Every structure is written in C-alpha cells, then in structure tokens.
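In structure tokens, one chain follows: the form predicted alone.
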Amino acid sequence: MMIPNLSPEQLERDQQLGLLAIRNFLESKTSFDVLPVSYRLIVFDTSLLVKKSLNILLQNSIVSAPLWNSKTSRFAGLLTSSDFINVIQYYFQFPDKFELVEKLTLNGLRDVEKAIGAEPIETVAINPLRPLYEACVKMIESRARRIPLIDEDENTHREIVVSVLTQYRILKFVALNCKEVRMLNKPLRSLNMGTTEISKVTLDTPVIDVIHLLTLKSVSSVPIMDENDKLINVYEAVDVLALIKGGMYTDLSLSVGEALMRRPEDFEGVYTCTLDDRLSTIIDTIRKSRLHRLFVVDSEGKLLSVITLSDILKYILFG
C-alpha cells in the first residue's frame, strides 16, 4: 500500500481522525454483528475431567471454551490454556498429588488456583447486543484476550452461552469493514506501543522453565533466540497443551527445541515488523493472516519489542 508523503501535522491529524472513526464504528456495532453466519460452539460442564476437556480442545483445534454449571444453570467462566498451565504448576509444586490431578474436574480448578496463588478463572462476559466498543473496553480492563457472549432467555431468564469473541476476530472485523484504518499511517516508533521488557529463551531451555516464565510474567508467549540474540521462533502457552495430552506431565523436562517438534502443522508462524511500519499495514496483515502478536525487530533481526493484539486494541480505544 502506497503511503502519501504527508507532513507530521497531516499524519497526526489523519491518525486522530482515523482512530475516532474506528471508535465510532465500534460503538455502532454490537458484539453479535462480529459473529459469522454459522459457527461451532463447544461448552464444557464443570463436572468434566480436566484431562478430558484438554483432549476435546486439541481434537477440535481450539484453545478455549466456556464453562457451564449445570447445577446452577449458569455460565461459570472461560477455560483457557492458562488454566492448564496452573495445573502443571500445581503438579510441579506437589508431585505427590498426581492421583488428584488425574481425577481433577473443571470444578476443582479454583482449588488449584488457590493452592498456587494463581489468578482465578476468567469470568468476564457481555451481552451480545451491547456495543462492540463496550466488549473491547471490558477485555482491556480485565486483560482478557477473549470474552464470552452471554444472553438471557426471555421466558425462563436462564443464561445462554452464545459464543466467544476474540481480539483477533474484532480486529479482523474492523479491518474488513472500516476503511478509515487506512488513515493510521504514523510509524510505530512514534506510537509508544508494545513491550520492551521481554523474557527470552533458547532452543535448549527446558519447557518447565518457559512455563514458569509464562506464569510469572502473565504473558501468552516467549520469543526464542539464537546464539546471536536474533529471533528464530516463539513458544506459546497453547504449545504446552499438546505436551500434557493424556496427563504426560513428565514431558515437561524436554527442551524447547524438542517440544517444537510436536507443534501442530497449522501453526500460524512468527510475524515481525519494524519501527517504520504503520498500524494501517499491520491491521491489513491481520485481515489476511491469523496472527496474535508481532515482534518488532531492527535491520539485523535483533528483537526490540513485542506488540500484541491487546496493545493494538488498547491504542485504538484510548491512544
């Protein structure tokens, strides 16, 4: 996409007008508008065994699912890869509790969280007919990467799980339907976006050390660097799920390099950009490709910062 040769003042004016237009667009749409015409939804009863829920997630190539408490007939939170990492941390701290881990149900995740001092399961949700802008704000405020859409039956007043809305789907929806995205042409170096304090690992790092890092830093991925400190890959929280399928917690002694051999073939890859790239081109990349973060590198491939979809959404809302 050709970028016109604009003055800094014109770039700033266009940037602010573009952001305002996108915010108005998000206000004018509901969360329901983002959903495709047809989609599949998997909901887990909280009485289900944790290990069974993991197998179902992997079989269906999904990384999260709403939980339903059949005793109260109410939404009970969102199961994500973080919850399985909490179970790993629990087993690592209490190796004699393996039998308990084997029989653990989704109901018991709260006890695991309390035992290791972890964040409780995600419970933020929104009615699908509320403005999309409101759903975005809720996600940013709660640091959630996705938000369940919960409606209510008019006759019985029982809750209904409609779907789960992700930051990726929202940004792709914006990219497809809001032409003002093309006005966001200020270079990244002027936006103060992303994280520069980055925890890094190598191919020789044990997976269990990566898991501790993911938990300690509350991040969903860790970049993998070579001996010259250049970015070569990324290890994600969802990569852990394939390792513990069937309760094989002993596999966590593997190195990151060995673990990557078990990664599914549909891995979306590692996306990079530079400080000279613009948000307009990044959002266009989101329109065409499934990505969840971008690694900002210099001309030599050295890692400078990480920009997540949360960073992009936060900038659109409040930047």
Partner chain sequence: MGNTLSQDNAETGHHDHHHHHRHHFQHSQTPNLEPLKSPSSHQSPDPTDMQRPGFPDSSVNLPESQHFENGSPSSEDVRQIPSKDVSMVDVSGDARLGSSSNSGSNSRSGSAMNLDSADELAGLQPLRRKSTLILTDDIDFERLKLGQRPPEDDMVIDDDGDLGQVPPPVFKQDDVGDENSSTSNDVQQQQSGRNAQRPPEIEKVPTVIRWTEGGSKVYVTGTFTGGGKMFALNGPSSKDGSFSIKLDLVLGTHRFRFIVDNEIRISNFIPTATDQMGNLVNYLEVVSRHHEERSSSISDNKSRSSLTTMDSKLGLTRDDDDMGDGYSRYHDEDEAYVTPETVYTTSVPAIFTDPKVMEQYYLTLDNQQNGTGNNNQQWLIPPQLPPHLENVILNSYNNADKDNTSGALSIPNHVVLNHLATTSIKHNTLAVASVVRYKKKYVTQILYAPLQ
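Positions refer to the first chain, counted from 1. A quick note: this is a predicted structure, and the numbers were derived from the prediction, not measured.
Heads up, the form predicted in complex with its partner chain isn't pictured, but that's what we're talking about next.
*Asks:* Counting only heavy atoms and a 4.5 Å cutoff, which of 90 to 98, 147 to 155, 113 to 121, 202 to 210 contacts its partner chain in the predicted bound form?
*Replies:* Residues of 147 to 155 come within 4.5 Å of the partner.
*Asks:* Test of understanding: in the predicted bound form, would Lys179 fall inside 4.5 Å of its partner chain by heavy atoms?
*Replies:* Lys179: yes, in contact with its partner chain in the predicted bound form.
*Asks:* Are any of the heavy atoms in Lys245 no more than 4.5 Å from a heavy atom of its partner chain in the predicted bound form?
*Replies:* Lys245: no contact with its partner chain in the predicted bound form.
*Asks:* Using the partner position in the predicted bound form, report whether Val34 sits within 4.5 Å of its partner chain, counting heavy atoms only.
*Replies:* Yes, Val34 sits close enough to its partner chain in the predicted bound form that at least one of its heavy atoms falls within 4.5 Å.
*Asks:* Ser61 near its partner chain in the predicted bound form, any heavy atom under 4.5 Å?
*Replies:* Answer yes; at least one heavy atom of Ser61 falls within 4.5 Å of its partner chain in the predicted bound form.
*Asks:* Could you check which residue among Val270, Leu48, Leu260, Leu275 gets a heavy atom within 4.5 Å of its partner chain in the predicted bound form?
*Replies:* Spelling it out, the residue with a heavy atom inside the cut-off is Leu48.
*Asks:* What residues of 195 to 222, in sequence order, lie within 4.5 Å of its partner chain in the predicted bound form by heavy atom?
*Replies:* Nothing in this stretch is in contact.
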